[in-house]
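Below, in structure tokens: the form predicted on its own, a single chain.
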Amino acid sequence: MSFATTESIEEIKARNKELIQEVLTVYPDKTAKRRAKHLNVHEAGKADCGVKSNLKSIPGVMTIRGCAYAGSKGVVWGPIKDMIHISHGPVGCGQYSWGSRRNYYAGTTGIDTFVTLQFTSDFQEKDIVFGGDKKLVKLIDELQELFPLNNGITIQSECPIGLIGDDIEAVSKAKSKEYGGKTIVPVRCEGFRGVSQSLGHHIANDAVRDWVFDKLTPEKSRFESTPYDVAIIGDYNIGGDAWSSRILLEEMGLRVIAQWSGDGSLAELEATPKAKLNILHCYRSMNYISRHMEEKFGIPWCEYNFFGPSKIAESLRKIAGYFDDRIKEGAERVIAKYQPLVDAVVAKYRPRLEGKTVMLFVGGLRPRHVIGAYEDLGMEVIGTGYEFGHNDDYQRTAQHYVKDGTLIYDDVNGYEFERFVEKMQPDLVGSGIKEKYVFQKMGVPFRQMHSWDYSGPYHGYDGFPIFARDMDMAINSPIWGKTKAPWKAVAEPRLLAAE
């Protein structure tokens, strides 16, 4: 049900504020005081959502965040397909990050593409005691022999590396020289750095700056540019998202010279400083390198959102505004071309989804970017929050996406999220794999919104019908009328017996 249809905005605000206070009562006073800063109800007209963010999670309170290593290896560097990414340290981090986020790519795995392979230095106790530099040297030599078509290597450091002081920079420089100037990038992304995976994004961006851009030679920089060259930044091609976005950009007359980093390559990274515009999808993970390129190379950048037809049209026009009338006309032509598809999708699914409510808790840009797609289908987002958002993420959310009275929660833990969902009773929850089965067992329809629950793409006009179908399939499945939470199924017979 949509609370907006039965309550005034002021009543919704009061109820949500009361819910926050109810949730906080379970904590000790000090913890409650700290967590209260991360929970709020959005009030229209305010510049931000009124929550603290990018702070350390409270020890002992289960967080859904990842670490800096996850941000670098799992998000930014890992999808670069023609480079080998070494997890330098014990096998566990590499093994856990081995499962790809469905970063689709073109190529032959193990020959010229390596995204779904795991490479690790597999630290043992003796490596912790005596250091792993020599082992890393041997590993790079083996990789060169086994996979001669790789175009570069990154060294993604795990926590022990920062503690024992392995000099991965020296190893990188020595092996790069030995192999004729090969790009070998040391990334100091030990998991203990920062408060979440967010710092890992920043560290990875800085590594691109220092070990790719700053080492460009005239030969590597040889690139014939055109006035219409753009680079897609911060799209990881989950389920083919970048491909469906690229289609629209090329149809409007632009030339995509790079994708960062889904289905991306080292050559594309090297070509990006020649772009006329960087279009940024995931602000949180790639704003750092976008700002650097603006300062050093004079390349402007703009954010875009290809979730749902309203935001797609808005973004296409925004991007076209950086170019001449040819591209502006191309944008209008693309929007008109796909309007019949949009009308058909809305006609089919909006009657089935009108008024349905959603609560989101995801990473990156999704807590705000997907809101427009839900609204295109007549749905209402009544709660949203970020795993590792910063203040500027919440500012963008408040100014452009959420409605008055929306419940906002930063780094929400399992207890808080379950209580919010239990009380607000949304028709759908969109979050991560750790939350999926908890809410499904509670009888709440759920979509895994980190990797599209093995579906996708969700971006672009190609993705909108898939998005609509998946939301309808989750909410209107007949299974919810035939299942019951296990603890309720067990409890009720006992109650009957007691009577």
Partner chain sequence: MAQNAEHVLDHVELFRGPEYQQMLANKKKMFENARDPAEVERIREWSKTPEYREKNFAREALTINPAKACQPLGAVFASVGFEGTLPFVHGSQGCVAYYRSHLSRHFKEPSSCVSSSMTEDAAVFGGLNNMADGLANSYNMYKPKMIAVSTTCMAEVIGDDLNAFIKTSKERGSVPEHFDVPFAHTPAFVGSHITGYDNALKGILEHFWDGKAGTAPKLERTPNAKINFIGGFDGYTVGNTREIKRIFDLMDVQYTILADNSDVFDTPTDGEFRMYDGGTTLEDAAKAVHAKATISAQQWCTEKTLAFIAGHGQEVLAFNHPVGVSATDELLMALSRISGKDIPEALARERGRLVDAMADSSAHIHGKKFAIYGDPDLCYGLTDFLLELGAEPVHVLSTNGNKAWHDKMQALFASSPFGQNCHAYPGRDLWHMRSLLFTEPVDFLIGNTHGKYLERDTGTPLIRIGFPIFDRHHHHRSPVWGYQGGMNVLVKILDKIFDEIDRKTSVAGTDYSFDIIR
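Remember, predicted model here, so these are calculated numbers, not experimental data. Positions refer to the first chain, counted from 1.
Quick note: we don't show the form predicted in complex with its partner chain, though the next part is all about it.
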If we test each of Y322, Y415, F213, F297 for a heavy atom within 4.5 Å of its partner chain in the predicted complex, the one that passes is Y415
With its partner chain left out of view, which of N278, S196, N103, T406 would have a heavy atom within 4.5 Å of it in the predicted complex?
S196
So in the predicted complex, does Y179 come within 4.5 Å of its partner chain, heavy atom to heavy atom?
no
Classify K13 as contacting or not contacting its partner chain in the predicted complex by the rule of any non-hydrogen atom within 4.5 angstroms, answering yes or no.
no
Just to confirm, T109 within 4.5 Å of its partner chain in the predicted complex by heavy atoms?
yes
Against its partner chain in the predicted complex, would E375 count as a contact residue? Criterion: heavy atoms within 4.5 Å.
no
Candidate spot I64, L117 and P457, all three in 4.5 Å heavy atom range of its partner chain in the predicted complex?
yes
Look at the stretches 396-404, 343-351, 284-292, 308-316 and give the one with heavy atoms within 4.5 Å of its partner chain in the predicted complex.
343-351
In the predicted complex, residues of 267-285 near its partner chain [heavy atom within 4.5 Å]:
A267, E268
